[in-house]
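The chain below stands alone and is given in structure tokens; this is the form predicted alone.
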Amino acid sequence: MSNQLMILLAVLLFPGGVFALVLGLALKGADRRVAARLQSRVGPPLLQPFFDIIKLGFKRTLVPEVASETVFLYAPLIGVISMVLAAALVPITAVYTPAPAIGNLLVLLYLLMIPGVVLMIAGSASGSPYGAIGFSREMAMMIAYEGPLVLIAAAVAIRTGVGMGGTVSFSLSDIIAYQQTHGSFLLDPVMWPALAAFCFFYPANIGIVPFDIPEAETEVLEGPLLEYSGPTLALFKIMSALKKVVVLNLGIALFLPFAPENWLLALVVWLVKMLVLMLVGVTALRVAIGRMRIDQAFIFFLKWPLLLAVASLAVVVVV
């Protein structure tokens, strides 16, 4: 099988494409169900996110008269494509290793920025004042959390590169291979500040309470998504589901990639880790904490996650 065909299958079927979408919607269903039980509610069925996508697919897409129609319609499609590509970049230990041409951490960081940019473009293209407010909030959030993520990636890359006898390695395959030989970064005290910073980062990047400020229903009526309906709104929900898988899998690859050698057992272990990260870092957090104001979230990220990421990078360079 040619390398190009393998890359195409990875993007469209596994671990990206169909597999990532089904997993992302399933995780969202589990999140909603468990959150409801924690709040003493029955909650929706586990398959409710799938039903929502199907329902939206049969509805009409209404374009506001004041909207920029081309940008309004194509923005969510760009977001979905970026996350489909990103899902194929992150390795799954003992199950899937991306081709060297695409398995690069820097490329993944660029792709992870696209959904936020798409939300800002969609909000401004809709012509809605709530969309414009959502645009400004999303931009502030991205400025706050993208800095720590870049520093986390740099700390991991330096730790891996130096440990392998080089300088810096942004190859996700190398990062996992190094941890398989020398132990997980989860157990490396030098990397604990970076791990803590990532634990703050991933709920914000996924956009859940308390960091769902750009789409706060009670304040800006879903902000950038207010004017979207039908298939275009379904695309945003698909983008969100894919992004959950990418961000959670990135955390596993960077800090806890350990897995048995048998590929089927390794896949089961990986799915369990995804579920645990989702329920602990997303579901429990949004149930326990109320939404922050945009100024609170901005100051929080520039204070704690950024300081932790800087400390981790400094320690890695010195050690």
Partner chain sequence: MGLIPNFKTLATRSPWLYRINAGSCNGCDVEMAVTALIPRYDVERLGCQYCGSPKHADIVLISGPLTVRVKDAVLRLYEEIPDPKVTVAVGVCPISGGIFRESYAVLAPIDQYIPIDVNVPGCPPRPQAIIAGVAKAIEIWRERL
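Residue numbers count along the first chain shown, from 1. Quick caveat, the model's predicted, so the values are computed rather than measured.
What comes next is about the form predicted together with the partner chain, which does not appear here.
Visitor: Flag residue 56 as yes or no: does it have a non-hydrogen atom within 4.5 angstroms of any non-hydrogen atom of the partner chain in the predicted complex?
Guide: Contact with the partner chain, yes.
Visitor: Would residue 39 count as a contact of the partner chain in the predicted complex, using a 4.5 angstroms cut-off between non-hydrogen atoms?
Guide: Yes.
Visitor: Whether residue 180 contacts the partner chain in the predicted complex should be assessed with a 4.5 Å heavy atom distance threshold; does it?
Guide: No, residue 180 sits far enough from the partner chain in the predicted complex that none of its heavy atoms falls within 4.5 Å.
Visitor: Find out whether any non-hydrogen atom of residue 280 is located within 4.5 angstroms of the partner chain in the predicted complex, and reply yes or no.
Guide: Flag for residue 280 set to no.
Visitor: When the partner chain is placed as it is in the predicted complex, which of 223-231, 191-199, 75-83, 136-144 ends up with heavy atoms within 4.5 Å of it?
Guide: Heavy-atom contact with the partner occurs in 223-231.
Visitor: Is any part of 48-83 within 4.5 angstroms of the partner chain in the predicted complex by a non-hydrogen atom, and which residues would that be?
Guide: Heavy-atom contacts to the partner chain in the predicted complex: 48, 51, 52, 54, 55, 56, 58, 59, 60, 62, 64.
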